[in-house]
Structures are given as C-alpha cells and as structure tokens.
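Before any questions on binding or motion, here is one chain by itself as structure tokens, the form predicted alone.
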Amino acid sequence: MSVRVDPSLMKELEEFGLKDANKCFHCGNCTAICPLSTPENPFPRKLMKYAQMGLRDKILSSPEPWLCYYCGDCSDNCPRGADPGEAMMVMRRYLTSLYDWTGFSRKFYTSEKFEIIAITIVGLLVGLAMWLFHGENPDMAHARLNTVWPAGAIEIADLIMAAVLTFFLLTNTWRCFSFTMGDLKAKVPLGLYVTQAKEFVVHFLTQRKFGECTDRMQWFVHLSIMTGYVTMMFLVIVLLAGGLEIIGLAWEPIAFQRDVIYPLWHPVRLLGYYATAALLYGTTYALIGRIKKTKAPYKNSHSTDWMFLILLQLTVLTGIFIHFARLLNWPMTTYVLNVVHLMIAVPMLVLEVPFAKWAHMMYRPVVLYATSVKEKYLEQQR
C-alpha cells in the first residue's frame, strides 16, 4: 500500500498549536515512560515521527492521540524539550478538525479571532431572542422565570437545540469511528461490535485508563468535570425529553429554570448540587493550574482550552447567582441574570459540544471501543 508524504503537515499542525516537535530525535524516552503505551499502540514517539515525516493518513487512522490523557510524564522527561505530551494534544485538535465534516472545528482551532467572534455572535443572538420572545406580563413582585419565558416554549427550544447538536456530534463521531477502524470496519462481524460495546460505556463513565497515569490528581479533575457535565446534560435534556419537570435546579449550568423548588433532599436536586460542585472544583483547579503553569499539561494552553474552562465556569457561577437571586426574591436581578446565564451557556453548548473540546468526551471512548474491537478481531484471525 502506498504512503503519501505531505511536507506541509508540520506547518499545518503549527496552526493547531504545535511548537517543539522538530526537536524530537526519537530516543524513545517518552514511549518508555508512558504508563499507557503498549507494544500494539506505542506513543507518543510514533506520532512524533508521523508528524515529522508528513504522514497525514497515518495520523488520521491512529488511535494513539486518544489513548493519551496528557499526564505530562513524557514532556517532563524529554531530553530535547520536544514536549511530546503537548504534541499529542495538538493531534487531538487536528483530528477533531478532520472528523468535523462542516469545517467549523478547523476555524475554531486555528483562529482565536474566529473563536471569539463566533461565541460573541451566538451569545448576542441568544440575548436578542430572550428579549424579543419574553412574556407580556412578567411578575415583578416575585422572581418567577416562567412569567417571563414560558416553560413550554423554552423546553421546545431546548429539545430543538439538543437534536441539532446531537446530529452534528453523532455524524462527526461516525467519521471518527470510520477513520479509526479503517478497512476492518466492514470485516468485523456485528456480534463483536455488540460484545465489545461495554468498552465504550466503561471508558465514557470512568475514564479508567486515565487512572493508570502517575498523576492521579489529573484523572480526578478530569473525571469531576466530565461527570459533572454529563450529570447536568442528563438532568436538563434527557429528563426534559422524558417529560419530567426539572424544578428548582437553578444551580445547574444550562438550567431552564422552574418556579417551584424541589425539597432539599430530592434526588434530582442532589444530582444538580453534585454537578455544580464537581464542575466548579474541576474548572477552578484547571484554571489556577494554567495561570501558574504548575505542570506540563498546563504550560502551553491553547486559546480553546482557556475558552472552554472560562465558559464552563461562568455558566456554573451565573447558575448559582440565579439560585440565590430567586431565594432572595429579587425579580429583575433573577431575570437579567438568566439572560446572561443563557448568553454564556448556549454558545458553550452550540460551539463546544459538536465542534471543539467537549467533542473529545465522545471521541476518546469511541476510539478506545474501536481499538478494542480491532484487537479482538485480529486476535481471532490468528
């Protein structure tokens, strides 16, 4: 099989944040020290070589960028300062842009100006829609959000947004799966796909492989953010889709608030509190780490890393502020804060979930699943 070499690849990867990969002289220290590298899937050295040699197609089909969780051991022990851990992060951004058939991810990752403008435009459109389509007689004596924005209309808008985002995310994920499986996709029997499906579920929910890294704090922070976000998505979208009223969860980031509050120990409310605490802890830890540059994963943050964390934390904080404004019965403060809250939360969802950082949450377990299917199939063929 012929191999295409693209001499412009390194230059292209620089647009996604690659800086020091040319310093690599393939000593193998990074692969030797990585607790997740295996003989079947060695990294990061292999990907460094692909980048230097311009092997675009090899990178596209490689699972290794998603097998790396960026604990930073490889970068800390690189004798040349090639920062292989950051190079693997760059590969994930690059692959995300290739999976996205719309081309939006590439613009989002390669232009900080485009990223800021896109988020600003979506935020302003949300604010304009909230202003144009509010109720005629808002309650100014009590903080009742549904007198300003009727619950039914908000739920319909929520479900439409969820459907659109799911379409983009799943179509991009299918491309991710197809590139990873390659020619084996059509050869693997359906039964094997079914029996290995547990790999996707386990890795999605637990980030288990990350727990094998030496820096377990990174795994805990990553898991906090992931489980907090998934819990909130479940509360807001899944339960709403099932017809349940999500009441009294003004803490939660993308809450379309309700005017009756559940009892303190209600399971739904406790899940909302967990999600809020987990997200607030995880984003604060990651932001402080990036400001202080305390460890390898935080030393060379891309603009999208900052934007992702900032939007997520602002979404949580504005949700908390709404909660207290409602408890204090400050109507106008509650209504204004709700608009600000959604002007932050909706751009985060619309842009991050299918096209940027949040998409990694789907791609990684999908690639781990595909890798397990391939390995099992090849083992059966021996």
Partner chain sequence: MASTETQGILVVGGGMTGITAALEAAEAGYDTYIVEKNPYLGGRVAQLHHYFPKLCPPLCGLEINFRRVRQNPRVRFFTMAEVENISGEEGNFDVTIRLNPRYVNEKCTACGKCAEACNIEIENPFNYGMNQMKAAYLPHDMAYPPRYVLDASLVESDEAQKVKEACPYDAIDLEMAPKTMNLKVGAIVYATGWKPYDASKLEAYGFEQYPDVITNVMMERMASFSGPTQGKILRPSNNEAPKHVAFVQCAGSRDENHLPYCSGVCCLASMKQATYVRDQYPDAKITIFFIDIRATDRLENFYLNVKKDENIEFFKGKVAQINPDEAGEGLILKVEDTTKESLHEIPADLVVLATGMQPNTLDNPVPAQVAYDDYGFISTLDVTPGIYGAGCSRVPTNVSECVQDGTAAALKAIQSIARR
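Positions refer to the first chain, counted from 1. Everything numeric here is computed off the predicted structure, so don't read it as measured data.
We do not show the form predicted in complex with its partner chain, though everything after this point is about it.
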item	value
Site test, F25, I33 and K46 vs its partner chain in the predicted bound form, non-hydrogen atom cutoff 4.5 Å	yes
R80: touches its partner chain in the predicted bound form, heavy atom cutoff 4.5 angstroms	yes
Any non-hydrogen atom of S37 within 4.5 angstroms of its partner chain in the predicted bound form	yes
D305: touches its partner chain in the predicted bound form, heavy atom cutoff 4.5 angstroms	no
Residue contact check: E155 to its partner chain in the predicted bound form, 4.5 Å heavy atom	no
In the predicted bound form, the residue from E115, E199, D76, D215 that sits within 4.5 Å of its partner chain by heavy atoms	D76
Interface segment, criterion being heavy atoms within 4.5 Å of its partner chain in the predicted bound form, picked from 331 to 339, 46 to 54, 311 to 319, 353 to 361	46 to 54
